[in-house]
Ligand SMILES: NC(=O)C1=CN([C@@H]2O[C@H](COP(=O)(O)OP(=O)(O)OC[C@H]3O[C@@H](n4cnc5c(N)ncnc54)[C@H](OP(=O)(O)O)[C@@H]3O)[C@@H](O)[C@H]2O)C=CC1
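Before any questions on binding or motion, here is one chain by itself as structure tokens, the form predicted alone.
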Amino acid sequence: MSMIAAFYSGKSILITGATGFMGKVLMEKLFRTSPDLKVIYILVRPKAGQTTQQRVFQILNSKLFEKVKEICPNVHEKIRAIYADLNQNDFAISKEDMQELLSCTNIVFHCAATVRFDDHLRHAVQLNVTATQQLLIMASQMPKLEAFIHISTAFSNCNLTHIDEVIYPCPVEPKKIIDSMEWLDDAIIDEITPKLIGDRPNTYTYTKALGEMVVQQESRNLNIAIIRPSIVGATWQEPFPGWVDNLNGPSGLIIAAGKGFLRSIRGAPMAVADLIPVDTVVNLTLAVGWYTAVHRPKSTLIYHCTSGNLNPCNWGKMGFQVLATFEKVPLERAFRRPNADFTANTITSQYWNAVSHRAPAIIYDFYLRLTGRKPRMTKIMNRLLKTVSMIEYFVNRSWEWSTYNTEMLMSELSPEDQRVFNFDVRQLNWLEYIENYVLGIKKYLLKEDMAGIPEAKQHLKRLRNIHYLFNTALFLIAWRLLIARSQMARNVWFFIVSFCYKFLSYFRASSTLKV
């Protein structure tokens, strides 16, 4: 029997960020492996006109929870949705709900965060730093608490090349940042943000590093552990391969490429694409929760959940695997535009990248205007190029993460727990995983019919031919303008033509002599 599954039986568990991608998979795994757990508290706020209960109902009725409802038919009775808003300093939790949380909670999994790279510093600090601080203060008042697990990111210290399983200090104390966000106006914050984040690429990585420092400072006598996953992608194995429900990580790029919005990105083909399946992160998280509560380590342990050092896959290889899957299972068309050649090793200049992406968008918008429809392609393309520019930092670099604590934990598990809570990324077959990832995007995220694959393949071929014709025409026009304006270009052109003529003459003469 699994010791980890048995540990969570009868437990009252608090999960923040339970309505997010990882939070849903975490809940699903807990219910599927420990159906006898007592209750899972989730902090939820009404959204888009839905009450907290309606949001829970929507989650439980998704494809993800089909197996859970067979194993645990009364799963809806074991989820206690509590109204909360992490943007509020007190989370806006009622006194009655707060009392129940403080008196009953055994385990806390803190998954909530803003993952937007371009988020305003004030909002990022509130969700990733201040909310973490307030949750730790709550945890210190929980008499039955056995473990507090904080989900960070492997990129919290991306300004370093080699990253150990330690908490690195930031130049400015988190408390000073938190206090300053309360009285500084937005204009001043915008001005000082680049100076504060320094050599980190965005507010997300910066505030996650601050959040780790807060965990260290506010730990008091709590049993705490920190998990640092890298780029979290679709499920590998559980509850079934390829499940994904959001555009974060590679999902947005794969859709943009498959739909024809994105044809190339500037990236280093040999840079490691440190992707990690979400179910691998969840398995490690539950194992860490068990180990932290049972073994009570003397210090806060950090666990890297990464793939690059154990089973690396570079961006070039991943791009080709995605493209190969498109050949078999193309995404349905969104607009009549050239489909993407999604190869991360395509290194393009900024000028050519802008022209090759924006020019077709402008032409398509012109066509929409002529047909009396609202132009939208240029706006979509500008947003996409902005997103691509934000991730270029990560597709042009590689990092080394030490995994001593993660490997130590793996060795502490029984054979049964290693099977049920598998987080050994060395067993991952990238080709199979990427194919399931693309299939999962098609089925679960885009909700496209698999019966339309033959038609989509034909459409893919037509779009690719249009793409090649467009690029050829663009090249010939650019070359013609260059020849007309540059004597050097004309000399090069005449040299090439002369060389080809001489080569053909030599080839003909050789063929005649042989005859």
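Counting begins at 1, following the sequence as shown. Quick caveat, the model's predicted, so the values are computed rather than measured.
Form predicted in complex with this ligand: not shown, discussed below.
Asker: Only one of D85, E146, D424, E100 gets a heavy atom within 4.5 Å of this ligand in the predicted complex. Which one?
Answerer: Only one option qualifies, and that one is D85.
Asker: Counting non-hydrogen atoms within 4.5 angstroms of this ligand in the predicted complex, say which of I226, L413, A112, V420 makes the cut.
Answerer: Among I226, L413, A112, V420, a heavy atom within 4.5 Å of this ligand in the predicted complex occurs only for A112.
Asker: Is S12 near this ligand? Define near as a heavy atom within 4.5 Å, in the predicted complex.
Answerer: No - in the predicted complex, heavy atoms of S12 and this ligand never come within 4.5 Å of each other.
Asker: Closest heavy atom of R45 to this ligand in the predicted complex, within 4.5 Å or not?
Answerer: Judged by the heavy-atom cut-off of 4.5 Å, R45 is in contact with this ligand in the predicted complex.
Asker: May I ask you to state whether T285 is within 4.5 Å of this ligand in the predicted complex, using heavy atom distances?
Answerer: T285 lies outside the contact set for this ligand.
Asker: My question is simply whether N157 lines the interface with this ligand in the predicted complex - judged by any non-hydrogen atom within 4.5 Å.
Answerer: Because no heavy atom of N157 falls inside 4.5 Å of this ligand in the predicted complex, the answer is no.
Asker: Of 209-217, 67-75, 242-250, 425-433, which is the one stretch near this ligand in the predicted complex, taking non-hydrogen atoms within 4.5 angstroms as near?
Answerer: Every other range fails; the passing one is 242-250.
Asker: Note that this ligand is not shown here; using its position in the predicted complex, name the residues of 21-49 with a heavy atom within 4.5 Å of it, in sequence order.
Answerer: Going through 21-49 in order - heavy atoms within 4.5 Å of this ligand in the predicted complex - the hits are F21, M22, G23, R45, K47.
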